[in-house]
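Coming up is one lone chain in structure tokens, specifically the form predicted alone.
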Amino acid sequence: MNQPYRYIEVHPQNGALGCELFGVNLAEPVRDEVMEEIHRAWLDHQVLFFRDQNITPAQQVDFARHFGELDTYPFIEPLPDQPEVVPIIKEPDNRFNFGGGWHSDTSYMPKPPKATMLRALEVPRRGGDTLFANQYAAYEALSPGMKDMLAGRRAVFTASQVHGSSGYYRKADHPMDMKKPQDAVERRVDHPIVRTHPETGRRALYVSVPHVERFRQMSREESRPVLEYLCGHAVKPEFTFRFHWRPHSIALWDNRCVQHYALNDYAGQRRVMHRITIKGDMPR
């Protein structure tokens, strides 16, 4: 039986993951006993949603630090006075958006971030939702034979498919003024296709179209059929939840067991978000 909550209200969402939290004001310091329950809800539900949190970037940073050391993103300039906070902006005349495809954040890093926190400042009148996919459920739904085949299997992860010379974020009318650190673009690391969550001990599928190049010790052509199947399987509707943003909403998700997708369905409208990532460990 799940342990009850004393200090917060936890409302699970009508989907495969996520919960909305009530009784927390992030403009004030979060007490240790409240933080323990928030962290427990996060591990149980994978994504936390907060509404009506009219906070400053510094207060967002203070809350994020409860989850660990803050990370940096190599491709976007942060706020001048808050180097941990990255502004994600899409102007009305931009065709392309940031995060428009199923992925786990910066999985091409040797130690990808364990968590991402996104806060909405300005949202479209219509559209601009974010989809989330439960990678525990995706792994658990695989057949025993597929699980056996993937056991111990590793893949090559890279940023080049997104940030390389012909990648998505090099498009001329992409909204973000992207930095181009060549070492980050060209880096290749290998991670397990199925990773074990270091806190829950559960297994999750760890694969996505933008960042996985091929299986280790295999060519792209040899890898493609299985990778295409896994990437499609990982984001089946039954594993997902769709979150509708309002100003001052916050989402905090676990990159170790969640994929997400920022929908680009609000042409002619502006969207402004503040993003923080929390450092993780090497996937195992």
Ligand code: OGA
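Note that residue numbering follows the sequence shown and begins at 1. Everything numeric in this text was worked out from a predicted model, so none of it was measured.
Another form exists, predicted together with this ligand; not displayed. Remarks below refer to it.
Shown alone here, L118 lies within 4.5 Å of this ligand in the predicted bound form, counting heavy atoms only. At the 4.5 Å threshold, heavy atoms of R195 stay clear of this ligand in the predicted bound form, well away from it. This ligand in the predicted bound form comes within 4.5 Å of no heavy atom belonging to Y108.
A residue is said to contact a partner when one of its heavy atoms sits within 4.5 Å of a partner heavy atom; R275 meets this definition for this ligand in the predicted bound form. Proximity to this ligand in the predicted bound form, defined as a heavy atom within 4.5 Å, holds among P74, P124, P78, G99 only for G99. Note on contacts: among T200, N94, T130, T158, the single residue with a heavy atom within 4.5 Å of this ligand in the predicted bound form is T130. Shown alone, this chain has one stretch from 255-263, 34-42, 56-64, 227-235 that lies within 4.5 Å of this ligand in the predicted bound form by heavy atoms: 255-263.
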